[in-house]
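Form predicted alone, single chain, as structure tokens, below.
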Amino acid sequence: MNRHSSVAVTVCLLVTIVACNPGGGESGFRPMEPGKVLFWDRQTTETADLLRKMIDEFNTGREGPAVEAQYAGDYSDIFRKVRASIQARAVPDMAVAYQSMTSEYVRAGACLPLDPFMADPAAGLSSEELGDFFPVVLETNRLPQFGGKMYSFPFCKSVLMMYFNKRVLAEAGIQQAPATWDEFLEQCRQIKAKTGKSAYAVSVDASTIDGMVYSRGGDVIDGNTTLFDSPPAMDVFRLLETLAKEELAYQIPPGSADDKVAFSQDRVAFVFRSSSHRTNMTLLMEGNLDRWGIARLPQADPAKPTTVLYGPNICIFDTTPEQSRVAWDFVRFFTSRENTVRWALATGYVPIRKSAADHPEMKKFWDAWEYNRTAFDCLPFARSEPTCAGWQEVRGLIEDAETAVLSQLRSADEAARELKKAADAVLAAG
């Protein structure tokens, strides 16, 4: 990384940034902590320790402002804090953000497009390096609403998976996890009939709903119009309605991990969660790998699988050219092949580079348990969620609709139609 600190590279890159972003450091925003490249993140415990260690390695031997990570709460907390900082015109240099959040920052003029950084001949990424990233993890950062420019870069990625409890399935006389949604419902009914247990503990989540729609061959948006009244989306809400009415599933308290606890105590058979929850689930299952497994989401057509791509990206704010350059250097450092493998092995996120499949440590990890590679193999067919401004508010509406169906306060059809009307109004206002 020392080559990035040369004066020639710095001058070249700054000229590129200024050309793309007229005014450069005159955007009206200022660094929250001048002389320090502040990175707002949500990592805690061991993952936060690893992130700080990697930042220390990046900072060692470099001149100029150093990167410093600060815990700023969960994703929603960070979103609120960044919006407040934008209003105050004093922003962090980097922050983790989902693309729907980034769109709001771009609309406020606070984010830098990363295309000039990526294309820089000395400090950017070659076509070979870009080709090593799974296309979906890059494309999720391109915002069609803002000229298709790349306003963030992949950071922590995971995919929606189905966790299944082998003990509960065996107790119900089931030998294999469901591959289709019809099989899933059939197994839920069999589990209830044979064991008296609710088969599925539901964690209400907009991304899970999106993934379920995708897995049925549908979509949630077309242009600026939502598709929550389409057959695939209606089928999702009807499934939830059936599960609730027949007491095959129950909703856990918002923000809790009760579904994973119930899973570890053999009280439910299925949990739908991000693949990044694998490490936590391993702890809850006390290392007994024979008790459970991980599979891709049930599908309408297993020959054409789809799931949803989770995970935040890193956006770089328009503070000063020097600090923005250092922020980009860190992004490039963090997403190198070695570091993506290192991060994946320690945290449970999936490596975002294709070449990870040939890394000796990754192969060793995959060989240790038959399900360790399952999430990585979903990346070629994973899909991003909508990136348009306003989608962050739509997410809340999706979760309200899901809760209403599970609580039997609305029928599936009523909830889906009301959701579409409310979501379309939000997008139209944006």
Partner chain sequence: MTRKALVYVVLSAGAVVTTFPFLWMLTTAFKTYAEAASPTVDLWPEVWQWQNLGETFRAAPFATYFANTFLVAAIVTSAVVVTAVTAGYAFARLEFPLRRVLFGLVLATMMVPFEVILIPNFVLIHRLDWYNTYAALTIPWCANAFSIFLMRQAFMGLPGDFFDAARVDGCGHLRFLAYVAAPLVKPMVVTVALFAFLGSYNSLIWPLIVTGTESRRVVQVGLTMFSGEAGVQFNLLMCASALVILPTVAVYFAAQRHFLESSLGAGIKG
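Numbering follows the first chain given and starts at 1. Rigid core here is just the name for the largest C-alpha set that superposes within 1.5 Å across the two forms. From a predicted model like this one, the values you see are computed outputs, not experimental measurements.
What follows is about the form predicted in complex with the partner chain, which we do not show.
Per the 4.5 Å heavy atom criterion, the partner chain in the predicted bound form is contacted by stretch 276-284, the sole one of 233-241, 276-284, 135-143, 180-188. The partner chain in the predicted bound form comes within 4.5 Å of no heavy atom belonging to A346.
Contact check for E68: a non-hydrogen atom falls within 4.5 Å of the partner chain in the predicted bound form.
Using a 4.5 angstroms limit between non-hydrogen atoms, E33 touches the partner chain in the predicted bound form. The partner chain in the predicted bound form comes within 4.5 Å of no heavy atom belonging to K194. Between the options Q265, S336, N288, T225, the residue in contact with the partner chain in the predicted bound form by a heavy atom within 4.5 angstroms is Q265. Proximity to the partner chain in the predicted bound form, defined as a heavy atom within 4.5 Å, holds among A90, L130, A119, A357 only for A90.
Residues of 77-103 that come within 4.5 Å of the partner chain in the predicted bound form, judged by any heavy atom, are D77, R80, K81, R83, A84, S85, Q87, A88, A90, Y98 in sequence order. Core-superposed comparison between this form and the one not shown: the Cα of A177 travels less than 2 Å. Once you line up the core between this form and the one not shown, the Cα of E139 stays within less than 2 Å of where it was.
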